[in-house]
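Listed next as structure tokens: two forms of one protein chain, kept apart as structure 1 and structure 2.
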Structure 1
Amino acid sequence: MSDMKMSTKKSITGAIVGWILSLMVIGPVYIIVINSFKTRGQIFSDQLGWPEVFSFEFYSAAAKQMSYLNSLKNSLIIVGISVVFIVLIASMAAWALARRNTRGSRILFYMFLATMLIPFQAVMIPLIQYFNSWRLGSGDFAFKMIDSRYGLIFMNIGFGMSLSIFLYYGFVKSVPLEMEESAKIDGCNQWSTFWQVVFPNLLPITVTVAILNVINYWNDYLLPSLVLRKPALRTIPLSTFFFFGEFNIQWNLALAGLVMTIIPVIIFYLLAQRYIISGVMAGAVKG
């Protein structure tokens, strides 16, 4: 009984500490949300105060200028497909690299790792030049990497490899070998061992990899701005460009646009994190 009390007390203290810390985040986020309802004049005369009139005027104006639904569709397609491929491909590669302990595999692993250090600005023009040469046919049905969603998806997958392999690699190393070996004895080949035994056990890290990649790509501006040219292909961040002039920024619309950009990710995170926990439970039952 006293143990129970102790832990309840602890958890209440924890929650209080947690909420106090969260003010560090809520404060700045409050500044974003509250100012997204204000006129430009009021934003700079009174940044902290309540808006004079609460209206969703700027949200609907921002949504209209951003072609929100179309941009949302583009973002969902691009980020969704990129992340699914990243998860499948990176987990396979990381497993192979982690389980095969040779100098070659270590060199490969370090190569993936090292390239995470390349500043994007240093590869951006060569990258666009290289993929611009991947072009077949002409007109609307041409195959082209530049100015197409699949082109951007392809590049996202490539850029996502290092981080994801890195994350999987560490995790695979800490997963016991026994199950894989018993699967081998059962006559499974490597392919089915991986998908039937290993991959399900990687679920918690898979969810984490997915979350981190969604965060990285959902908000990405620079690469999509170089790859996607047609207005119809714009992702959500790209479509907020209207609000950002060189000097003249329409802050109320920009802030409303930001809120509308991140809400889908927060929903995704809330849904996804359940799987981290349920994944652990599944692992615990089996282990």
Structure 2
Amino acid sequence: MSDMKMSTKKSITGAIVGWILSLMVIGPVYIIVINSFKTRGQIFSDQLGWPEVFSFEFYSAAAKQMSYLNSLKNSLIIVGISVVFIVLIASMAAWALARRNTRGSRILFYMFLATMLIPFQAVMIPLIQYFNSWRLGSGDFAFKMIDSRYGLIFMNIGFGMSLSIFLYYGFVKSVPLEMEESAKIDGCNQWSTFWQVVFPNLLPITVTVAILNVINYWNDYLLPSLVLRKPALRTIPLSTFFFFGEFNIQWNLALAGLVMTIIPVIIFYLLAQRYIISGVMAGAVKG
């Protein structure tokens, strides 16, 4: 009887803690969404109450001021290409490092891990100063790393590589080596072995790596603010920032812009969420 009471108390305590944690997460989202439909006067008078009228006029005004479609296009191009290259390069690199199992490969793997400990703020100024001098040609067709989408994509790939290789490295070890040996006996070279045998078995961790990098780079403000200077190249976080003026903040438009910013990531996350836990557990824990 006492065991049942203890179990009931633990269940109630767990439920209470779960509800409190849920409110801590959902609360800010509720405040952002509900206030995006209010006028500035309503926001300042009542932040938690419902708006008098649910109207999308502030969403329309925010989308126009931040050039939402152009910003969305820039974000999709930059994030999409960055994530594709990270997945391709990191998966091949992790496979090579895991299968070669030599002293040099282990040292190289630990070097990748060590770079994860270096904060971006420590290298951002030297990085921008260095790439600022990279320029070939002149005019609109000049090759330059600063103020260009491909320059930001190149940097995203570099910064996302270490964590991605770490996750892939552990997952590759769970792929039976016998499958690769059988493929070689059947006449597959290394290229065919990886893409036809190994990579299909990396689907859970591939989706996990993609999700983590999409969320990271979609919400990134600091690096794009240093690299992209032309208004036409602004990503969604950069466009949203301009609602926050030095002396005046357009809260209703800013909140509407934030809601439109997170919707694409939420959709992507919901479509692929079932792979996250399995991928991280199989990759990071085994690594």
Partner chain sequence: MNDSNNTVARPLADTDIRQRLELYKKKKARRSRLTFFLFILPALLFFANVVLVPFISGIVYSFTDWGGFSFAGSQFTGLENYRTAFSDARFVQSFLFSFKYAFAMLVLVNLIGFSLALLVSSKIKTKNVLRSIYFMPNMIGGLILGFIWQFIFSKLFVQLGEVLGAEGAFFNWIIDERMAFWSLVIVGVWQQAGYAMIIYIAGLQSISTDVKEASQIDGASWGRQLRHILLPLMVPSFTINMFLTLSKALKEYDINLALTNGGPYGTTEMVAMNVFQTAYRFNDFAEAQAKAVLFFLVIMVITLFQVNLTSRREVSA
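Residue numbering: structure 1 sequence, from 1. Computed from a prediction, not measured in an experiment: that's the story for all the values here. Between two forms, the rigid core is defined as the largest C-alpha subset superposing within 1.5 Å.
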Check against labels, form predicted alone ends up as structure 2
C-alpha of Leu222: shift of 2 angstroms or more between structure 1 and structure 2, rigid core aligned? no
After a core superposition, would you say Ile26 shifts its C-alpha by at least 2 Å between structure 1 and structure 2? yes
Hey, does Ile263 budge by 2 Å or more at the Cα between structure 1 and structure 2 once the core is superposed? no
Check the Cα of Gly14 between structure 1 and structure 2 on a core superposition and give its shift in Å. 12.0
